[in-house]
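Only one chain is included here, represented as structure tokens and corresponding to the form predicted on its own.
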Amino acid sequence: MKIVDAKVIVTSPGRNFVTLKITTDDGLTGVGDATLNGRELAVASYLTEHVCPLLIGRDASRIEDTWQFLYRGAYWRRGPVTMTAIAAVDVALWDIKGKSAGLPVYQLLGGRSRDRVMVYGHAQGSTIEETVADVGRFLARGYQAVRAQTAVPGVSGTYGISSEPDRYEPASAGLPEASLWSTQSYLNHVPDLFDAIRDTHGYDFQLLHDVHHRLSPIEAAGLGKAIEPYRLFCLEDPTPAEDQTAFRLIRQHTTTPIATGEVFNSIMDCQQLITERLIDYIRTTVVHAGGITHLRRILSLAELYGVRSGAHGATDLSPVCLAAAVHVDTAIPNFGIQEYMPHTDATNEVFPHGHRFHDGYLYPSEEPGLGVDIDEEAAATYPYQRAYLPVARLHDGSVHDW
């Protein structure tokens, strides 16, 4: 199976997506997600100008060799742009491999370790009362796990709050929007959210919350300790993760489980977190961590240390990435949970797929390959629109982690 074509497709059915489509000489095609929120064209250019010319004539069945060629052969390694581009190639080749074998990708990864994949939804509200009610709406729809976010009084543009139900899309057209942040207001407010949720809905479901890298290690440690009575499934991204040793301090002070890693793109980014058992869930994604090939290395390391998966799954990842994630989730032994925000109807039109959601679980497609494709005619009707994620500032004007 020789690769005869590799092209990049940029489309924006409500938000920007970058997709790589590879074609072989026997007519098989494979797709890979290459979306990097707010920096989409950087990856598109990297693929078009530097990677796609290297693929023509290569054997599409040599997935590992191609991964090593693009990673080790480039000299300039790692980083979100490079690893997202490599991921797109890798996932497209797994898609082709599955189609060639006549098997869904999870079968190529060792077959099922579970029948279905538990997901969590994104409940939100402009007040605690609204978020509590939204949690109830998710539970009524069969969700076994819900992440709860609420607006913080006096803080504009609180992370996780959207006018759209079920999903949260923070990127917006034009130049980056400024949002106001107050750590003190947040820490004073958010424990009341968990108290109200547990008081109203009880403890017979999994409750999650995303801090979104906003706290210092000692602030995160204090929050984790304060909310222990509410038995969270996990606290996501409590502090910026560039310094992996920062999580030691959190671990010393709280038993609240910790999840992090959605911005990671290499096993090096989480090696210490995993081997020192400083986290409980690794949230690294297929698209930003070099594809299925490299993500399996991360998850295999995590398995040795009792760390489970908890992959990022917001709508800035296309249905191609979600399809790949569900195949991985289905096969690995140390699966924990999968984030899930349903895509818009327009996105589903552009990316027809076979994976499905039912009663709080995702089920992988049984079609050969990933079970997802891109409708190029539909994609062409949604041209690219430049969009940026917000920038957070404190009351004194200082830039803060968003």
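One-based numbering along the sequence shown. Because the structure is predicted, anything quoted here is derived from the model rather than measured.
Below: the form predicted in complex with a small molecule, not depicted.
Remark: residue 373 does not count among the residues lining the small molecule in the model of the complex, judged by a heavy atom distance of 4.5 Å or less. Though the partner is left out of this view, residue 338 does not reach within 4.5 Å of the small molecule in the model of the complex, counting heavy atoms only. Although the partner is absent here, residue 37 sits close enough that one of its heavy atoms falls within 4.5 Å of the small molecule in the model of the complex. The shortest heavy atom separation between residue 327 and the small molecule in the model of the complex exceeds 4.5 Å. Put simply, of 212, 137, 248, 201 only one has a heavy atom within 4.5 Å of the small molecule in the model of the complex, and it is 212. Only one of 97, 312, 308, 294 comes within 4.5 Å of the small molecule in the model of the complex through a heavy atom, and that residue is 312. Comparing 123 to 131, 164 to 172, 264 to 272, 79 to 87 against the small molecule in the model of the complex, the single stretch with non-hydrogen atoms within 4.5 angstroms of it is 164 to 172. Taken together, the three residues 118, 353 and 367 all stay farther than 4.5 Å from the small molecule in the model of the complex, as judged by their closest heavy atom.
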